[in-house]
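Presented below, as structure tokens, is a lone chain in the form predicted on its own.
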């Protein structure tokens, strides 16, 4: 079996002080994709930067203290690539991919956006470039007999079942019609939403809850952390769980790890 976890750590240094290190020591995952690490490697303690038994690859943003993605794996990758060939986004700490035997795994942190601001324009530019890249990645993988798994914080809830308060968010970034349509195009282009395929009924399972108010206690969340896989790999998925903390106080991020096990 191959177990892969994805989690937005909301700052790796902060998460390490709240329980991430303990989670890392106990996880059964073979590969972990992280987003929003917000740290240079030298800013991390050794137990986080080079934990025993793990090969670590980090892609920080050129903007210090922002974004950042990482892939931790028990097996050493055959190759690692930062970015997806974008002159605008390759140094922004938003995409990292690693090759393993017959499989390419990627960690994605898609911009969150904000309606009516430059941040939404940035998100739309990213989506356009990245959508084209994903199509090419799938085509190359198919020709090489490889599978692809793109994990991460996509910052889009695809369907009404993917967020608690969908009616109130129809005009907000993360649930805009054009964002949802783009995600549909990605899925129609040869990728499978693995968690939804295993859990076809909603609502949820949610993976992000605001720190504000009682969102976590009321399970008023969003499902924005995904495993998007090529069909051959998706068909081998046997279980998918959101590792939701037992209590608000035990959270080490505002996101929870989304963990899927695949038959090899």
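Residue numbers count along the first chain shown, from 1. None of these values were measured; they are calculated from a predicted model.
Keep in mind that the form predicted in complex with the DNA is not shown, yet the notes after this line are about it.
- Stretch-level contact analysis of 194-202, 33-41, 233-241, 50-58 against the DNA in the predicted bound form, using heavy atoms and a 4.5 Å limit, identifies 33-41.
- The shortest heavy atom separation between residue 11 and the DNA in the predicted bound form is within 4.5 Å.
- The DNA in the predicted bound form is not approached by residue 28, whose heavy atoms all lie more than 4.5 angstroms from it.
- Residue contact check for residue 125: none of its heavy atoms lie within 4.5 Å of the DNA in the predicted bound form.
- Proximity of residue 109 to the DNA in the predicted bound form falls within the 4.5 Å heavy atom cutoff.
- With the partner removed from view, the residue among 180, 146, 119, 81 that has a non-hydrogen atom within 4.5 Å of the DNA in the predicted bound form turns out to be 119.
- Within 4.5 angstroms of the DNA in the predicted bound form, the stretch 53-73 places a non-hydrogen atom from each of 64, 65, 66, taken in sequence order.
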